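Given next, in structure tokens, is a single chain: the form predicted alone.
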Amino acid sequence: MAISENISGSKSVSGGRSGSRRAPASPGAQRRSLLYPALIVVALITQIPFLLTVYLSLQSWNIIRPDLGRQFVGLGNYAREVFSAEFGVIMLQTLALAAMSLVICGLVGLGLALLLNREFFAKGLVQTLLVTPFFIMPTVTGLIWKNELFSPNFGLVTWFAGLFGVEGFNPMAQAPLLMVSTMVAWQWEPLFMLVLLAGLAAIPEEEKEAAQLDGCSRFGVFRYVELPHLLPYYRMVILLGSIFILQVFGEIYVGTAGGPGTSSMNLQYLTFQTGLVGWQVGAAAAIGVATLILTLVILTGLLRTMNAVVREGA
């Protein structure tokens, strides 16, 4: 009897111990827990400067006038800078610059991808040469296009224009925004080319052969087979390109300095000019916060539009 009671007691004790043990964490929870330190560091690095920028945007602070100090003005900087006529014009120029650059990149990148999606002599060398603009610094790009191509005195483009009887051709002064868009497109076109080339290489040859057997011409194969397959790749590369092109600064700084006047200025250059030329830190911070909000709105709308186009194409 005592033995049975001891056995039952030991079972109850062991059962209580086993019941008090915690269930092991799932593998997914363990993997997420490993990401938390990195997410915290990224949040601190990115959000603290942003919160500081928001705080400065509510202040009136002129760096070269320390006697004035910093004064809290609330939304005064936004009312004076963001809702001004100059900001509206430059915002439209920023959107036009991005749109023209994306169109040029999309068309030229697609054409080069179609050319490279076949075998020919020295294909590797040609592809390497076409990718090189992507690795050139923006300031160097601006210098090359401003002095070697578009210079009114000894530029290559103006020299060719003179051969056709066009005298006094100065594209940097006559069409500065278009010229800056050309510079930006030249630098970012390799990204479009490589992504679209990867999309073309992923198309099974059987689908192309089946379309040709059904009577499709070469353009028909491109229209009904290749182009619908490239829509997801276009969505990705347009979003990435928009993020980078909306932040263009070096080409404008070196190529046109925002001029003539403000005809080639974008919001990034306006922030620089307000903060580091005019020394108005609070106003520049307000322009920077407004630019970030505008960029997020544009990217969100663009993402929804591209998703709808991809669904319809599928």
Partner chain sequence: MSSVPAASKKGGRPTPWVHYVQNAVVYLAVVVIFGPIFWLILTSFKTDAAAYTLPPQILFTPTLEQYTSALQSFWAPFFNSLFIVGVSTLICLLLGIPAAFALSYFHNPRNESIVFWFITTKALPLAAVLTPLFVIFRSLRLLDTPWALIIVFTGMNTPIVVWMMYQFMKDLPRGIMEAAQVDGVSLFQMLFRIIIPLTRAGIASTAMLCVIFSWNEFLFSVSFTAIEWQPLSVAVAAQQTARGQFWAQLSAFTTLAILVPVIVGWLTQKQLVRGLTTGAVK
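Every value quoted in this text rests on a predicted model; they were computed, and no experiment measured them. Residue numbers count along the first chain shown, from 1. Each form is matched to the other, and the largest set of C-alpha atoms that superpose within 1.5 Å is called the rigid core.
The form predicted together with its partner chain exists for this protein as well; it is not shown, and the discussion that follows is about that form.
When its partner chain is considered in the model of the complex, Glu189 lines it closely, a heavy atom lying within 4.5 Å. Not displayed here, its partner chain is kept clear of Pro171 by more than 4.5 Å at the level of heavy atoms in the model of the complex.
Although the partner is absent here, Glu206 is not a contact residue: none of its heavy atoms lies within 4.5 angstroms of its partner chain in the model of the complex. Contact check for Gly111: a heavy atom falls within 4.5 Å of its partner chain in the model of the complex. In summary, the region of this chain contacting its partner chain in the model of the complex, judged by heavy atoms within 4.5 Å and restricted to 176-184, 236-244, 88-96, 75-83, corresponds to 236-244.
With the partner omitted here, the residue from Ala201, Leu227, Val131, Ala210 that has a non-hydrogen atom within 4.5 angstroms of its partner chain in the model of the complex is Val131. In sequence order, Gln127, Thr128, Leu129, Leu130, Val131, Thr132, Pro133, Phe134, Phe135, Ile136, Met137, Pro138, Thr139, Val140, Leu143, Ile144, Lys146, Asn147, Glu148, Leu149 are the residues of 127-150 having a heavy atom within 4.5 Å of its partner chain in the model of the complex; the partner itself is omitted from this view. Once you line up the core between this form and the one not shown, the Cα of Gly261 stays within less than 2 Å of where it was. In this overlay on the rigid core, Val54 has a C-alpha that sits less than 2 Å away from its partner position between this form and the one not shown. After superposing the rigid core, the Cα of Pro66 is displaced by less than 2 Å between this form and the one not shown.
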